[in-house]
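Presented below, as structure tokens, is a lone chain in the form predicted on its own.
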Amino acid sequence: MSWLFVLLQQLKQFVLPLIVLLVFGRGDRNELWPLIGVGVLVVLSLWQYFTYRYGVAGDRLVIRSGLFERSLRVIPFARIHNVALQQSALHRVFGVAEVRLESAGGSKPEAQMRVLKLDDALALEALVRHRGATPTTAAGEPEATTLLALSFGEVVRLGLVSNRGLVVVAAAFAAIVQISQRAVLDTFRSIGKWLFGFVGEHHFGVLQYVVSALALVLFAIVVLRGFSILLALLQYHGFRLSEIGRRLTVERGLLARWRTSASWRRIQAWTLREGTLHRLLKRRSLDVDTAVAEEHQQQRALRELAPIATPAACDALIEHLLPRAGWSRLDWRALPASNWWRLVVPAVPVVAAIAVGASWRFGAWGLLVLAWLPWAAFVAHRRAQRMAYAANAEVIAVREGWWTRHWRFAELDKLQALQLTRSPLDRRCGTATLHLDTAGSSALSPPLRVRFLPHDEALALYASLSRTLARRPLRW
């Protein structure tokens, strides 16, 4: 049966070209040649599957693959940072799972088993947890402790605060545009013609136009938020964060199930987020960076310790996993708010360019775009008032944001490099920026840096951290 899942996995990569060929093909027999190429690739994939074998040798995993060109790969269990189990709906029907074993660095997993029986997959995860020793020979299997579980209401709140629906709709629209721009233009033209025709027939007043426009916007927001809630239920139903010994395990998913396991010592940096809707619902999100190969499979990595939770629950998680950091007792040091204007500077040329374009198109009305600058200055001033950093013997943390707030922090043992920079504005204002590099940071994560530090204070902090990094070994 396993070959069937491999075949389906390979066909998933070609389903879009097949649909395009079937829908937009013109009946020319030459267009069947790509289908033959797909068939050859499927045969090669099945060939690879039937020559793929793995086994356990002490504290190592041995993988053999290939027939004509054979490959032997030995992976010490100690090198495996993350174990990811995925079950699609079909996997769950047949009681099997896909397993990925990932180490730090690189863009591919160390090993990937397309299909294993669920019991075998869990046994392999246990072997990694005990670094090759079977649970019967280990010094007692510790009980799993649940650190966080999301109820149905919490998952609905997660859908409300997320923009997943908007992202999926935008991606689908972009894909359709790539396939057929004419179809998209014709659709918009038909909707516009119907809408303007409807308005022309009824001769609404100005107030009715405004109310109708607001109703349409509200309807679009409700539909997108409803779609986001649906996606959240599919992806985060049954979310459970548990701790077994030194490893953290996350399980989630309604139809497809993900189970990701990693040692808590592999966490490189932490991000606590709080948006406007988070504050209205009195919730926050807690994400972490782990140094594993997850270039294209972000959903399988251990990145979300708390997709949504109360501030108290997030703080309790941090205190539990970083007991020596003293998170609740950090001495936050405010950064000079007098540099607020530097947060506005990047927006000035953009707003000016838009105002010039708008005034060229709409006349003097286009200059109304400049009204954005006072608001941007107000936001920058509030952001500058909240900017702060904290450092002690275990952790360094940065606090930024106003409408959307975040706290970014890392243990000193996880810092890989320090960089002190001064731009021309920094030299003019007597400030500097301290950059702190850690492994595994995502492009979507806010940078771990302290901006607008007075120069003398920046030099002192840089020297103090440099001495600490030189004295203590890097752990990751």
Partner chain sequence: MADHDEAAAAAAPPADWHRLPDRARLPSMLTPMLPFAIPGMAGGFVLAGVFGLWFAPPVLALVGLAIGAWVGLKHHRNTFWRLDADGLAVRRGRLWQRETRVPATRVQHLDLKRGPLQRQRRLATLIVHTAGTRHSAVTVPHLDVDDAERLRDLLARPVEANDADDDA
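Note that this is a predicted model, so its numbers are computed, not measured. Positions refer to the first chain, counted from 1.
Not on display, but discussed next: the form predicted together with its partner chain.
- Item | Check all three, 88, 153 and 284, heavy atom within 4.5 Å of its partner chain in the predicted complex | The answer is no: none of the three residues contacts the partner (heavy atom, 4.5 Å cut-off).
- Message: Given the stretches 73 to 81, 320 to 328, 364 to 372, 117 to 125, which is the single one in contact with its partner chain in the predicted complex, using a heavy atom cutoff of 4.5 Å?
- Response: After filtering at 4.5 Å, what remains is 73 to 81.
- Query: Wondering, does residue 163 line up within 4.5 Å of its partner chain in the predicted complex on heavy atoms?
  - Reply: Contact check for residue 163: no, nothing within 4.5 Å of its partner chain in the predicted complex.
- Would residue 265 count as touching its partner chain in the predicted complex under a 4.5 Å heavy atom rule? Residue-level check for residue 265: yes, a contact with its partner chain.
- Task: Report yes if any heavy atom of residue 65 sits within 4.5 Å of a heavy atom of its partner chain in the predicted complex; otherwise report no.
- Result: Heavy-atom contact with its partner chain at 4.5 Å: absent for residue 65.
- Query: Should residue 131 be classed as touching its partner chain in the predicted complex when contacts are defined as heavy atoms within 4.5 Å?
  - Reply: Result yes; residue 131 sits at the interface with its partner chain in the predicted complex.
- The single option of 246, 108, 189, 182 touching its partner chain in the predicted complex, heavy atom within 4.5 Å: So the residue touching its partner chain in the predicted complex, by this definition, is 246.
- Which residues within 416 to 442 place at least one heavy atom within 4.5 Å of its partner chain in the predicted complex? Heavy-atom contacts within 4.5 Å come from 416, 417, 418, 419, 420, 421, 422, 423, 424, 427, 435, 437, 438, 439, 440, 441, 442.
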